[in-house]
Each structure stands twice: as structure tokens, then as C-alpha cells.
Ligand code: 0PR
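One chain comes next, on its own, written as C-alpha cells: the form predicted on its own.
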């Protein structure tokens, strides 16, 4: 029996989409080694689809979805030791979290200058452009962390905020947040911590006895923290959160919203799907803090394995890995990256550091690394790196 014309059209469209999808690299293959995003936890996909058509921008229409959002914010707030005065804002990811934090800082202070390290995420260039803010750079130490000794010289009457990074995008390094907290507390300055990658890692590294600094609201000077569930939260894209020390601060960026069920709305997006929120909540419920701890422990074990294997073939690192991110020094960077891509492996190149970034995400196994290392060696030999 011939399928209905509409069915034919649907089948044709889906086949067309399949041809596009086949061109993509996939997280499930393990061959994406340079991304800080991750393969979905199985429960995340199921939860995402259940709530894909809900709109958290109009919460009275979707009270169940709104409660899920509140429960997820509670989980993240507890993870970050947020005070009772705090409030959480679900965002699309680290970029929106950083923009929202600086929006709050600018509104609270009336000032327009951000002090940040050279390792700051590129979203701050967007912030400077969108909000007409000035970026005042602080150099890095030999360990690629912010040089705190240089900060006080940069503070002036127009300083709106200082940025600390808890898991840099390039190398996974952690700025000395406790020292930054002391400075900001003493100087009455706004301190934002960009923990997009490290927010789901550092709490568990500390429990696993890794020597990493505090970065969260246990420090009295921390004002806001952003983190991403679609990174080490093992959930669906796009989902991040911004946790704000004082709920009253959210009023600074809220506007009247007469055409929806909320009288006022804060944040950048109006319409927001509940799908990613439900996915992140489902993963958090499924894994719990103990599950995340085991996940981080496994990633760190594989990171150590990778580190040893890379040293064995004669390559070196920009700096010793702080967490599950490795920066491998290369003289022939573009050639290595292009050749690896030809062989079916994707890493990220960081031109200004002349290195590739390898990120050991939850889907990466020792078996995958053991398959990758001979290809890396062969590639480096072919282009004259080794």
C-alpha cells in the first residue's frame, strides 16, 4: 500500500536531515576530544523530549515545569553553598550567565569597568560591546592563573566588577578565588566567578582530595557564580545557571512583563523551553552528588592516563592539568589539527598558546584514549612534530 503523500514528504525530509547528520562528528563515537560539551546522559534525552514544548517564560501556564526549574536551582545552589538570601537564574549557558552577571554589576554600581585575566572567556568581548564596558586585563602567572598581585593597581573609581575563573576554557585552570574574594570584600567590589566548566567539577575534586582552591559562596566576597549543566553536568544543550548572592539584586535587571503570567521578568530571554531544564534536573536526580563524584573521579583517572601516554610519545604540556583538561604544546599546530581531523579525530587548537586542547568528558574511556594516542603519534611524525 502506497504511503500517504504527507508521509512521503515527512520521510523525504527525515532522510534529508539524516544526510546532514551523517556529516557531523558525534560525542558518542568518542572522537570529539576537544569539546567541553558532552554526550547526553540517557535520562537527559528522555526528560528533554517530555518537556520540549513547555515555556518557562510564562510560568503560570506550566507550573509543573516551573517547579522542576526551582528544584534544579536548589540542587545547584546547595552544590555551591549559596546563602539563604540567594536566588538562581536558569540561563542558556556560560555566555548568558556572564552577560547577566555583568548586567547586574553595572546596574548595582553604575560603573563600567571589568577587571579580568587574559584567560577570560571570549564572551567578555561581547559584554564589552553590548554593554559599553571596558575590559581591564591582568596578566597570568607561569601557571596560567590570574596574577592577583597585579589587581590592586587596576582597581579605580570606575571598577564595576572583578572576574575570577574556576576552570578556564583553554586549560581548565583555576584562579586564586579566595584571594580575589578577600580583595573584593575589603574593597566592596562585585566578584563574579565564571565556573561554566568547573562548577560541576571542583566541588568533587575537593572531596577526592585534589588540591584546588575554594571558589564558591563559602567565600564571603563572591557575588555571582555561573556554571553549565551541558558541560560536566552531563546534560543537554543548552543549559546553564547563574546563582546570585542576594535575591534583591535580580530586581536591578527585571522589567514589567504585561503580556505574560509574570508581572516582572528578569534575564535576557523571554521564551525558554523547559526541555533542557528537565534534562538537567533528571540527570541531577539520577546521579546525585555521589554519582557526580564518581563521574569526576573517573574523568580524572582517564586524564592521568592520557597525560602519561602523551608524555610517553615525546610531547609536553603547557601546564600541568588542574582538572580534566590538557593543553598539549605543538610547534606545527595547524598541520597536526588538520591531519587529526582527516583521521577522524577532533581536538581544539589554541593558537596563541600553540597547543591543542583535549578535554576528558564523561563519554571518553581509556580504550578511546588508547586508540587515539597511536594516531596522534603517527600524525606528529608525518608533519614533522616528532
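Positions refer to the first chain, counted from 1. Given the structure is predicted, the values throughout are model-derived calculations rather than measurements.
Keep in mind the form predicted together with the ligand is missing from the figure; the text below concerns it.
Asks: Let me know the one among 340, 326, 355, 36 whose heavy atoms come within 4.5 Å of the ligand in the model of the complex, would you?
Replies: Flagged contact: 36.
Asks: Within 4.5 Å, heavy atoms only, which of 306, 77, 95, 245 is in contact with the ligand in the model of the complex?
Replies: Of the candidates 306, 77, 95, 245, 95 is the one lying within 4.5 Å of the ligand in the model of the complex.
Asks: In the model of the complex, does residue 70 come within 4.5 Å of the ligand, counting heavy atoms only?
Replies: Residue 70: no, not in contact with the ligand in the model of the complex.
Asks: Should residue 273 be classed as touching the ligand in the model of the complex when contacts are defined as heavy atoms within 4.5 Å?
Replies: No - in the model of the complex, heavy atoms of residue 273 and the ligand never come within 4.5 Å of each other.
Asks: Does residue 167 reach the ligand in the model of the complex if we count a contact as any heavy atom within 4.5 Å?
Replies: Heavy-atom contact with the ligand at 4.5 Å: present for residue 167.
Asks: Look up in the model of the complex whether residue 348 has a non-hydrogen atom within 4.5 angstroms of the ligand, and give yes or no.
Replies: Close contact exists here: in the model of the complex, residue 348 approaches the ligand to within 4.5 Å, heavy atoms only.
Asks: Sort through 152-160, 308-316, 117-125, 255-263 and report the only stretch with a non-hydrogen atom within 4.5 Å of the ligand in the model of the complex.
Replies: Contact-bearing stretch, as computed: 117-125.
Asks: Since the partner is left out here, which residues of 196-230 would have a heavy atom within 4.5 Å of the ligand in the model of the complex?
Replies: Contacts from 196-230: 196, 228, 230.
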